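Below you will find one chain, with nothing else, as structure tokens; this is the form predicted on its own, and questions on how it binds or moves follow later.
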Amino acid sequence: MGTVHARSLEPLPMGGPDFGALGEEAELVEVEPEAKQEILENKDVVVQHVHFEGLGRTKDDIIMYEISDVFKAKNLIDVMRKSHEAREKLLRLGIFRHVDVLIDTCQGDDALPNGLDVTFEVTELRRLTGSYNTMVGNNEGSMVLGLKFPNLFGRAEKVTFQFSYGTKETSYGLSFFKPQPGNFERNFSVNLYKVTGQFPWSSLRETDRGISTEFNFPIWKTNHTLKWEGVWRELGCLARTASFSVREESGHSLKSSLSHAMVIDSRNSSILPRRGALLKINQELAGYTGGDVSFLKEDFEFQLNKQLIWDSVFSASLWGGMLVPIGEKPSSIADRFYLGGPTSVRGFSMYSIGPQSEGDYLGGEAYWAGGLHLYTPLPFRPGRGGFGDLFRTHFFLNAGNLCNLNYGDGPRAHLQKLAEYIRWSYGAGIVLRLGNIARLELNYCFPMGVQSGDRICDGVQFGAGIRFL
């Protein structure tokens, strides 16, 4: 993190080491710094100039949007605060390696008695950068190689190529990102990709080749994403023992869909929050912009976190969703919901709840899942103030159901079916937070409400991911 510097205004000798007779000029030099110091102490200042050092290919207009608030500062503390905010905005653009801020008294013929100059010393990223890292998904890991062309045209545009090789998924893609000057949260992106995934719980292999465009924008306290996606999907069997229902789904399909997502997130952390709430609502409509797949899909996620005594945290969460096929063609196994596993209803194997055929899980068109959690510090607080604070004791109660609906029966019949055969579980374990990247859980689970065909994990269950019920 850069620092904000304010140069000393203590009177300095102007004539070198000779402190002999004081003339009229020496008296004038001594009075001027005292006046400047008094003005700063009174915190009544004006920012006259903002300078940049180190700019190369970055255009002036996008910089002016980010630092314009600095000129509105009315006192020294305000100057320091707005300069720091401008620094954070500049770093958020993803085009600078370092940004430092220097605040000094204004010099020159046009200098006001209370004038200040603010200088941003920046280091731009190279035109081509590379990266290598690992990522953690929901009970899967991957190695990621990337090439990035930051600040391509001088206004924070970015072109990225990324290759990912994981335990269940391999992908590569090319994307272009363009933010709106002065409003980084409002941005546009285009993506080309190919993704090959393996889903052993369904004996299914899926290869997607597609293009998508996204527009992200904030409205009040909400963030919205509008997306169009066109994808050519190829489904195949992962094993020779795949059920007839999975083999029947094999083949090619073309999906063209419009989707909208709204997110309200006041949590202090997305991985292991201590306070705040999350509400996420997604809608997807496929078929009206082309393709041979037609459906309407709705799902939501809600989470509430409350800090209690003794550094404990109570968390409640609720998920739900429904998929309605449009036309006579049934829904695809690639579009349905799946439930179960260490990241959702614990005590059950990965996505092993709901409709199945010969041991292959086919997903469902409607689901709900809820959870109550209590997170506490480790007993006796080992490693307090350091590594030990990354661990939490975890007590949980989960429940949920996944099924297919007969949409001619009406809402009451739908609710009755979702309330039948509820799977639930309880248990306790240890949670490890891996920064703001992911979290690991090691729980001892007691699955209850098990139905015929469900696969359970009675006892110790390990989970890794970024999204947990």
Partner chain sequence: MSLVAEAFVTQLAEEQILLSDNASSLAVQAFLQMCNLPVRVVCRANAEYMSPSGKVPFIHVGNQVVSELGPIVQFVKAKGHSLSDGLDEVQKAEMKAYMELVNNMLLTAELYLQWCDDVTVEEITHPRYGSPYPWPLNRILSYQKQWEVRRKMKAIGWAGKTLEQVLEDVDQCCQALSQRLGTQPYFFNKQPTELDALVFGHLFTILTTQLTTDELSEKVKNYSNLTAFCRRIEQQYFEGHDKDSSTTVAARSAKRSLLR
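As the structure is a computational prediction, the values presented were derived from the model and not from experiment. Residue numbers count along the first chain shown, from 1.
FYI, the form predicted in complex with the partner chain isn't displayed, but the following is about it.
Pick from G182, G108, G251, G130: which has a non-hydrogen atom within 4.5 Å of the partner chain in the predicted complex?
Looking at the other structure, the residue within range turns out to be G251.
Report the residue, out of W232, Y172, F391, F177, that has at least one non-hydrogen atom within 4.5 angstroms of the partner chain in the predicted complex.
When the partner chain is considered in the predicted complex, the option within 4.5 Å is W232.
Looking at 305-313, 242-250, 120-128, 361-369, which one sits within 4.5 Å of the partner chain in the predicted complex if you count heavy atoms only?
Correct option: 242-250.
Non-hydrogen atom contact P325 with the partner chain in the predicted complex at 4.5 angstroms
Flag for P325 set to no.
Within a 4.5 Å heavy atom cut-off, is G291 in contact with the partner chain in the predicted complex?
Yes, contact at 4.5 Å.
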